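Here we start with a single chain on its own, the form predicted alone, put down as structure tokens.
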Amino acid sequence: MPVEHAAIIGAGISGLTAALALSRRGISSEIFEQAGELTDVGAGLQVSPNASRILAEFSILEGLSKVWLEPDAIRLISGSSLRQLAAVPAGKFARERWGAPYGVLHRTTLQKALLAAVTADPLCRLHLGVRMDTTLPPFERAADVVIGADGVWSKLRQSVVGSPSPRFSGNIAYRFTIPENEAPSFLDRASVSAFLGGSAHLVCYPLRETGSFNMVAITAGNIAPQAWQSEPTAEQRAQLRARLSGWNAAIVSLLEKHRKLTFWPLFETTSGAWQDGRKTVLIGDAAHAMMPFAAQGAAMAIEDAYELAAFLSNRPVAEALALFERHRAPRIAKLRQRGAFNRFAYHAKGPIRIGRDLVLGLKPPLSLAADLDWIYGYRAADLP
């Protein structure tokens, strides 16, 4: 029996994308979100070509392209000497090589664009302020499939036997923004820059729509008794300073003097089942929350939603869910491996760091781009 109606739990990027993808297949949906309103949350976001080409399918890419930045390059830079180690071309090159743009923007900008498209779509209905616990909310009509898009702390996941569990990754993100007119000169106004150093790395890029720089320093760390805080404690700041030992003084000063850091413990999920063999399925962070070392969390949520809709469009639900998981799991596993490798490389010390810098220096830009073809050049299948 073909799917006619879906219930989607969560109105983040994965949930809203799922609703739009289902609508393209003629499938209606109800989206349930426990927040009373969708507020401005999160920080900067990188949208690579494998995700932006899907956004183009929903006719929202053109609007995003007017406000986001398409960086000239993704630069890898020494955190001690500020010397560029390597650069992957982006901008016009990304459009030509991977057939879609690479953009950076505020997460809220993307969510608002998706929300506007969902609100305008007669096949999508959004319910806000719906409290989620271990039971499902009341549906306006019977749902043929229930999609868990409720993030790393998913409540729906409890209904899938053998599903993943959230765990602390051992990594902390320190997030903050700087007004562009106050940003130091070593921050590239036209590129994504990743400063690499022993035990930590710092990712920086401009957010055109807010006139600021998005800054994220990631390092190993411990969870405080209260894991989520508006700013780090004195002890947590001291841990960050210790991790930046040997870094360029200008970067260390920038992090030390900024008082509005956000302490953000990074959680991931273990491996496990994404669907129950009947009618419930998990997507995005609910299924496979991963570390940001490959900058693909949002892109994987968008791919998940698009390809799940394709499977559901012409197969019985149970079969579609099993095939979806079997199709997506290898790509997610490969990206997790890539993220683990990037963490090792970005935080390398001593002789390994020296070797890393030599290898990166010998790789021409086109070779670095070729290493990313399997990620950025991926085309989510209409009928996988």
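All residue numbers are counted from 1 along the displayed sequence. Worth saying up front: this structure is predicted, and the values here are computed from it rather than measured.
Below: the form predicted in complex with a small molecule, not depicted.
A.B. asks: Just one of V146, A299, L244, C204 has a heavy atom within 4.5 angstroms of the small molecule in the predicted complex, so which one?
C.D. replies: Only one listed residue qualifies here, and that residue is A299.
A.B. asks: What is the one choice in A113, V216, L255, L187 with a heavy atom within 4.5 Å of the small molecule in the predicted complex?
C.D. replies: Of A113, V216, L255, L187, the residue with a heavy atom within 4.5 Å of the small molecule in the predicted complex is V216.
A.B. asks: If contact means a heavy atom within 4.5 Å, which one of 281 to 289, 79 to 87, 194 to 202, 159 to 167 is the stretch that engages the small molecule in the predicted complex?
C.D. replies: Only one stretch qualifies here: 281 to 289.
A.B. asks: Is there a non-hydrogen atom of L45 within 4.5 angstroms of a non-hydrogen atom of the small molecule in the predicted complex?
C.D. replies: Answer yes; at least one heavy atom of L45 falls within 4.5 Å of the small molecule in the predicted complex.
A.B. asks: Can S65 be called a contact residue for the small molecule in the predicted complex at 4.5 Å between heavy atoms?
C.D. replies: S65 lies outside the contact set for the small molecule.
A.B. asks: Can you tell me if L266 lies within 4.5 angstroms of the small molecule in the predicted complex, counting non-hydrogen atoms only?
C.D. replies: Because a heavy atom of L266 falls inside 4.5 Å of the small molecule in the predicted complex, the answer is yes.
A.B. asks: Is there any non-hydrogen atom of A173 lying within 4.5 Å of the small molecule in the predicted complex?
C.D. replies: Because a heavy atom of A173 falls inside 4.5 Å of the small molecule in the predicted complex, the answer is yes.
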